[in-house]
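Only one chain is given next, in structure tokens, and it is the form predicted alone.
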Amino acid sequence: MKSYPLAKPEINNDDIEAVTKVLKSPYLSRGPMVMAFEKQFAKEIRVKYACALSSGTAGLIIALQALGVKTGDEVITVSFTVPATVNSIVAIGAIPIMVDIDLMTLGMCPNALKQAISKKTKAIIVVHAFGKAAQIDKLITIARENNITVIEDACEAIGNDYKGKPLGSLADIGVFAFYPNKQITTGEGGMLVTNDEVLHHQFELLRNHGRSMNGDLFDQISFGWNFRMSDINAALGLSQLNRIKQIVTRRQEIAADYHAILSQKNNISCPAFSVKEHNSAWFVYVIRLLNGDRDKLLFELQHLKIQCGRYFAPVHMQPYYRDKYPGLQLKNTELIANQCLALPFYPQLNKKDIVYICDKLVKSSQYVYFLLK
């Protein structure tokens, strides 16, 4: 029986050659490949500055610090995300204020944002869940009216355009990640983008121990971390970025194949991008089960060696945060989180694979639903 992982990176000969070239060079870190990757990424996202980092989480932490967010300040975000989004706020001593999502975009609800803003609010982190654009225009307008900075968590949105502009380029700061399940990968890694030169300078300091690296013996001018990206990672990322259009096209084809089958089935709601998103690079293909037991279905599919994911488990319901936010209820977040099922999604899937996965999904869904009657 063939097995289907949830995700699988696509590494070709060009990627291998790019990494091998670095391994044969004297620059494994802080070398020319990092700068080349940053330059190309900034061009792709259409921003002035890009700063390569060790992870998307590192990017969120540094972004908040560069904005001057400190202990006791409040940062508004959502619970429908990976823990890294909220963890980054806690990491610098700030207070995460988790608000509900809207049911259409699965992103932050503008009305919920309005109600959450207080005198302590110093930043807003907007998450583009699954790479699908949140109501970013409305959210930025609300933030501007209250003189609050916006960070786009675009870690799942590489290659996605909204109204002709790349996600991650619309707010004050954009954060990207390159984990192996993303549209492009560096193994581990992340990127901060901005059009603000002062912020970019702060990013560069914070990722490298606060050092200016200007040749002086005493050159640490701020606090900082070791959040650098190596040239090995950057070489892989640059190689993949060079074929981003091909990657986007292939992911769109796979999503279309899934949609052609599953959109005709009862009890399954298929994902879709809005008409404002003309070029959408799918991060994952997440369906919603409108009835039945999602977890029982997941178990049945795993038994058939089809790995699926329960994206996302709400952060406010995780044991660590549940105790810190007793009684917090986010109706839409909890509803959607109980319905979502991410299907195997990676470039190596062909139409025969997708037909097989969909067939087993539908049959298992019917079986599980029958058991619940």
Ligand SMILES: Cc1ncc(COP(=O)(O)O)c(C=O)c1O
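Heads up: residue numbers just count along the shown sequence, starting at 1. Everything numeric in this text was worked out from a predicted model, so none of it was measured.
Same protein, other form: the form predicted in complex with the named molecule, not shown, and the subject of what follows.
A.B. asks: So if I measure heavy atom distances to the named molecule in the predicted complex, which of the stretches 142-150, 81-89, 202-210, 260-268 falls within 4.5 Å?
C.D. replies: Result for this chain: 81-89.
A.B. asks: Run the contact test on Ala50, Ile158 and Thr194 with a 4.5 Å heavy atom cut-off to the named molecule in the predicted complex and return yes or no.
C.D. replies: None of them does, since no heavy atom lies within 4.5 Å of the partner.
A.B. asks: Wondering, does Thr57 line up within 4.5 Å of the named molecule in the predicted complex on heavy atoms?
C.D. replies: Contact with the named molecule, yes.
A.B. asks: Closest heavy atom of Gly189 to the named molecule in the predicted complex, within 4.5 Å or not?
C.D. replies: Within the cut-off, so yes.
A.B. asks: Is Ala133 a contact residue for the named molecule in the predicted complex, using a 4.5 Å heavy atom cut-off?
C.D. replies: No, no contact at 4.5 Å.
A.B. asks: Quick one: does Ile76 come within 4.5 Å of the named molecule in the predicted complex, counting heavy atoms only?
C.D. replies: Flag for Ile76 set to no.
A.B. asks: State the residue from Met229, Val127, Leu113, Met98 whose non-hydrogen atoms include one within 4.5 Å of the named molecule in the predicted complex.
C.D. replies: Checked against the cut-off, the match is Val127.
A.B. asks: Go through Ile173, Leu167, Ala234, Ala177 and name the one with a heavy atom inside 4.5 Å of the named molecule in the predicted complex.
C.D. replies: Filtering the options by heavy-atom distance leaves Ala177.
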